[in-house]
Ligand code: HEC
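One chain comes next, on its own, written as structure tokens: the form predicted alone.
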């Protein structure tokens, strides 16, 4: 029994370092953003956007400083499931929901719509976590 436990632990540790697989929905969204003028997604820029602030507002206000953790809405205190695809594999499976939340959150956080490049960068970064 101990051998099986050790094997499972070692296997899980090895797999945890693998990058997340892009889902067909994520691929479609990234292609859509490129058709809208985005270049190839740069995940590091998505990370930078996540941690940036517009005055006192930023993604981390509600989603938390770590996308793998559960966040809390600043007004309603409602729990927000993790944004990292590795923790919440269902997160990016509905492109309409992704677009809806980019629309709402970019307006609230940045005070404007996100560009196609910003969406591509952020989606690619969050999906890679």
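Positions refer to the first chain, counted from 1. Only a predicted model underlies this, so the values are computations on that prediction, with no experimental measurement involved.
Not on display, but discussed next: the form predicted in complex with heme C (HEC).
Engineer: So, residue 23 and heme C (HEC): in the predicted bound form, are they within 4.5 Å at any heavy atom pair?
Structural biologist: Flag for residue 23 set to no.
Engineer: Taking heme C (HEC) as it sits in the predicted bound form, is residue 58 near enough to touch it, meaning that at least one heavy atom pair lies within 4.5 angstroms?
Structural biologist: Contact check for residue 58: yes, within 4.5 Å of heme C (HEC) in the predicted bound form.
Engineer: Check whether residue 115 has any heavy atom within 4.5 Å of a heavy atom of heme C (HEC) in the predicted bound form, and answer yes or no.
Structural biologist: Output for residue 115 is no: heavy atoms all beyond 4.5 Å of heme C (HEC).
Engineer: Does at least one non-hydrogen atom of residue 32 fall within 4.5 angstroms of heme C (HEC) in the predicted bound form?
Structural biologist: Residue-level check for residue 32: no, no contact with heme C (HEC).
Engineer: Going through 69-84 from first to last, which residues have a non-hydrogen atom within 4.5 Å of heme C (HEC) in the predicted bound form?
Structural biologist: Contacting residues: 73, 74, 75, 76, 80, 81, 83.
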